[in-house]
Structure formats: structure tokens, C-alpha cells
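Shown next are two forms of a single protein chain, provided one at a time as C-alpha cells under the names structure 1 and structure 2.
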Structure 1
Amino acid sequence: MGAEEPKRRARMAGGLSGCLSVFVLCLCPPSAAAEEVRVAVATNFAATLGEIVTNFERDTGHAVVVSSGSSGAIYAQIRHGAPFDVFFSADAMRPKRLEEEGFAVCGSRRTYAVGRLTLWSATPGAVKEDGRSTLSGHFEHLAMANPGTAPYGAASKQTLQALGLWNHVRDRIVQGENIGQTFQFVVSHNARLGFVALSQALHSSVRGTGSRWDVPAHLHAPLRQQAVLLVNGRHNAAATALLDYVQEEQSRTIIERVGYGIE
């Protein structure tokens, strides 16, 4: 009997250990499974979102697929069934419309950045400190985004109208379908001047080159950029997590660093 006692105690210990393991597992449920979120973003914010997404994927394990374009074009795609989960627009109007039209989850809309417009040239000295005198002077082409589909294009037109120069320059305007294409017109010197997002002029690829005039905010309607959870993503945990992540301190720091305002 003395020989059996150690074996009996070992079996009891093993059984107790198994029970404790089960108990610990019950107390510590597995983390939520990683998901994929499909995001549509206005061209002006695409590079900034890319930096934030890199951090988001590292911190959460979720995967993000990003498509970019003009806000107007993306809005039309969503209304025609494009399977996006989240929309980062360059304005507040289109996310609001999507809520009203039943394509977005009501109450999910939030401002993630306030855009800033600048008159920029890849040529040093081409843009003077006084933007009005620059636009009143001699140049062949002025690039701007399409006012009908791109919020930055609408802000550019409003600026020219506020300065009383719309009729003076309208025949020299070359339009980009979005602010990204507009920026390329100026970078490639196909347009000497261009209204672009300040974030583009501050991008590492061109920072410190060329010349610019930052447009005073009172010359155009606020470029309040809003994001919204689309109906397609209402049950997607990664979609909700991304919207929350963009408003966390580390993301807001990135957004301000690259030239946007924060409300």
C-alpha cells in the first residue's frame, strides 16, 4: 500500500492540474479574430491614411485594403454598390448624404481632419507671399481639382471667386479629376501653379522645394473631412476599430504633422 500512495497522489495532482488549466482557459477567452476592412479614401488623405494603417495593422492584427479617388467619384461608386466598409471623404457633405440615403450607419459619421489649401509651384520663387499678385501675374497654366467632384477643387474655385480672379484665370485652368492628379500636374511642370492640399506640399518627396502661399481659411468653405461607417461594414469589427483608431492620440499626431487641422 505504501508503494501505491505516491502513484495515487500523482494522479490526483495531474487531475487537479488539468482542472486548473480548464479554469484558466475559461477565465481568458481567445482574442477576437482578425478581420479585413475595405476602405475608400479621398486622394488627398491617402498617404496619411497609409501611415496610420501601417500602425493599425501592427497593433490590431486586422488587414486593411485601401482604394483612393475623388470624394465625388467614390460617393457614386458606393451608391452603385461598391463593397466598401468605411469611407474617408474630403468633405462632410457626402458622408452626410450617404447616411440620409441609407448607405451609411446613422451616428457613425465623425470629422477626422480639417484640410488646408495652398497655392504651390515646383519652381522656387514662382509663388509670392501675396497670392493675389501671383495669380494676377503672367503664367500659362493653373492646376486645380474638378470643383464638381473634389472638395479641394470647390475650395479652389471659391478662393478665386473671393479674390475676384475667377474670370481672369478660368481660361488657363487645367483640371485634375482629383487632388492627386492636380498635384502631379504641378510636380511635372505641366502647370506652373496649382491649388493643392497643404499636406501634399509638405510631403517628404517635395518638402522644402518650390514655393507656396497658404490660402487663408476665410476665402473658402471649411474643408471639414469626415469619415463614416458604411452599411456594408456595420458588422465588421475591423471597420469600427479603424474609425476609432484614427481618432486616437498617435493618429491625430500624424494627421497634424502632415499639415491638417484637428477639431
Structure 2
Amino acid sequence: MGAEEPKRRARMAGGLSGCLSVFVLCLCPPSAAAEEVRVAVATNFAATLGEIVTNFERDTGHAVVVSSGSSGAIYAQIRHGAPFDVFFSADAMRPKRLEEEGFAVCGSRRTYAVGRLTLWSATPGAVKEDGRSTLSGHFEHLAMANPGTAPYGAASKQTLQALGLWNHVRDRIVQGENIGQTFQFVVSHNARLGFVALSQALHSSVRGTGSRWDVPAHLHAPLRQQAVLLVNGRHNAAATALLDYVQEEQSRTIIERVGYGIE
């Protein structure tokens, strides 16, 4: 990385917009001044980002203020003027839209993690090694995130369709609004089975309990989680530095350890 890192100085000519300003910013000498960066992050990545941010603040001296929420809510807030510099979304669609709509800086979008889906139960032995036979078997409720709104929900639906089991189980599906709520349904035994994020099944509070079947990645479209530099943060040295920092080796190690893939 090093010199290629688009480190930039604060307060550039303000009128430049979109891709052009990124290009110009890249030509500027790096600034050592500590700045504050306001970050919005999808809830499912908030804890992991928190760990990375701790290292980032220690290594760079920049200060980071993190707000977490659903990607959809954050997206709507950004469009209505929320003062965020960087957005870590749980999907690729919303960062792309923000870029197209002029709320994010062109070319700053990157995949920081790839989500992995797992069929999980809080009951040991409830999920067999073969996910198909587990899903064909007896259970009252199968929890998944809302396929219309949550990327993990869409991936769950695609998986069921790929297995040819969608119609078989659809009457027993209960939907969480997001993957966190879906996990809550399963961990509280309200649903015997659930499609959750691997990062949740590996969380310290449940690690080693229950049973799971990691869904093969080819059964659903990749769960790319993308981050983007927002127009608000285009002159903020800390914002771009953070985006780069998340892709550095030590951050990637953390991201993989908690259950995400890396592209």
C-alpha cells in the first residue's frame, strides 16, 4: 500500500464532486493531522468494526465515532443528510446506489467482507451434517431474515430454492427483520432451525453450542458487504485512512476470524 494510499489533506477546493475530486485528492501530500471520522455500519458488522477501530485509533491517532443500524435505515438517513463520512453496508446494492445518486464518492466502493450463511440450531444434533436432510425433516419453525429486505434473507431463500425445498418449508418460515433478530429467534429456541450468519454462530456467547451446517457458497449469490466513502467525508483524511486500514492484513485477520470471507 504505502504511497498508493489516497491520503489527502483536509479542506480541498469544495466545488469538485464525484470521481473528479477523488482523482485530485490522490495528488495531495498526506496529512499527519488527527481527524475525526463518523462511520455508519450495518449492525451485523458493528462489533467487528469496533475491534478494528480500536487498532486504527491506536495506530493513527484519528478518532472514530461509530453509529450502527440496518443498512436500509442508514441508506435512507444518508440520502436525507445524515453526517456520516464512511458507510459499511451489509450489502453491495446500497453503496452502489449511493454512488450512482451522488451521495458517495465514485471509485471508493470496495468489498470489505463476504458473509457466510449457516443453518444453525441451538439444540445439539438438530442440524445433521447434511443440510438437505435436516431441512426435509421434522421441525416447527425455520427462521430466516426477510428475503425482501435483508441480504442474508435473500441468500437463505436462494439456498432453499437451489435445494428444491422452498415450497416444502415456506409455510414454516418465520422472518426476522434482520439477521440479528433471526439469530435471536433461534438462540431463544423459538425456532428450532434458522439461517444465520456464520459470524453469529461463531460468536463467543454461543460458540461450540448447538449444531450447524455451513451452506456451500455456490448455493446462493455471494454476500458481498461493501464500504463506501461518502461525499461528507471526501476531504477527511481519517475517512479514507479507515477504509484502507480495514483492508490491511491485520484487519483481514480479524474479519476472517469472526466468520467472514475475504475477496
Partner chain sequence: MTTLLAMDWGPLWLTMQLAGVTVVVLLALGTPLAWWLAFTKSRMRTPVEAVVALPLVLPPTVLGFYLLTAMGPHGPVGGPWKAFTGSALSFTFTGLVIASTLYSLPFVVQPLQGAFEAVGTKPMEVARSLRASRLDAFFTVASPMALRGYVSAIVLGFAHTLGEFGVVLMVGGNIPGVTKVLSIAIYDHVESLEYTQAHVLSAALLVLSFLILTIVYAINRRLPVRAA
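FYI, numbering is relative to structure 1, first residue = 1. Bear in mind that the values here come from a model prediction, so they are computed numbers and not experimental data.
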{"property": "Chain form predicted in complex with the partner chain, by structure number", "result": "2"}
{"property": "Residue marking the hinge between structure 1 and structure 2 [rigid parts; choose from Q175, H189, L165, V114]", "result": "V114"}
{"property": "Hinge rotation, rigid parts compared between structure 1 and structure 2 (°, from C-alpha fits)", "result": "13"}
